[in-house]
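Coming up is one lone chain in structure tokens, specifically the form predicted alone.
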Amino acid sequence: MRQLVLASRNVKKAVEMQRILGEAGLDIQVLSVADFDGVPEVAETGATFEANALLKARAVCAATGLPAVADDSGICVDELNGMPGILSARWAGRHGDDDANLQLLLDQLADTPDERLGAQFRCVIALVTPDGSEHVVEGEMPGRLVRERQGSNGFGYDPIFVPDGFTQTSAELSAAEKDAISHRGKALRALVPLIGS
């Protein structure tokens, strides 16, 4: 496998994936759907992270003829029974509005005691190849939420999430520090033996 297509137009995710796979010793070029004409947008209509990841990876593999990797990830807040979960990217109603999503979550937890602000980032990654094989891996990063945004690295809910064992938010960690513990980093490392085979 020399090329992989990430089933996303999110440039930050493509850079992150390229970096983590490179650090694992894989010489693979990570492309995104933005590198191809006519790849359809795939609606995340699944009821689980796994279902959404498979939907996207299957569609992109079929459209490009190359192995495709798709992830679905989000933040799962204990006090909200695991929500926003699969709705994390559109929690405030519009897909990808990180600021509005984060603010809505903070507003919803305004009356929640600090000791009940446990949360975890979850990531499920699907790999689908042109020969029809499918693999699914996952990773989780446990931690807790804070009420004030801190840091400018990362994206999404990173500025209000403190991983277990840390005092800084994910948005205050360097890319290397975050890759070592992140839900996506863990899932990508679980994918390495499958890609390298």
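Don't overthink the numbering: it's just position in the shown sequence, from 1. Keep in mind the model is a prediction, meaning the values are calculated, not measured.
One more form of this protein exists, namely the form predicted in complex with another copy of the chain; it is left out here, but the text below deals with it.
Participant: Considering non-hydrogen atoms and a 4.5 Å limit, does another copy of the chain approach T167 in the predicted complex?
Facilitator: T167: no contact with another copy of the chain in the predicted complex.
Participant: Quick check on D107: any heavy atom within 4.5 Å of another copy of the chain in the predicted complex?
Facilitator: Looking in the predicted complex, residue contacts with another copy of the chain include D107, since a heavy atom lies within 4.5 Å.
Participant: How about A89 - does it come within 4.5 Å of another copy of the chain in the predicted complex, if we only consider non-hydrogen atoms?
Facilitator: Although another copy of the chain is absent here, A89 would stay clear of it in the predicted complex, with no heavy atoms inside 4.5 Å.
Participant: Is there any non-hydrogen atom of G46 lying within 4.5 Å of another copy of the chain in the predicted complex?
Facilitator: Answer yes; at least one heavy atom of G46 falls within 4.5 Å of another copy of the chain in the predicted complex.
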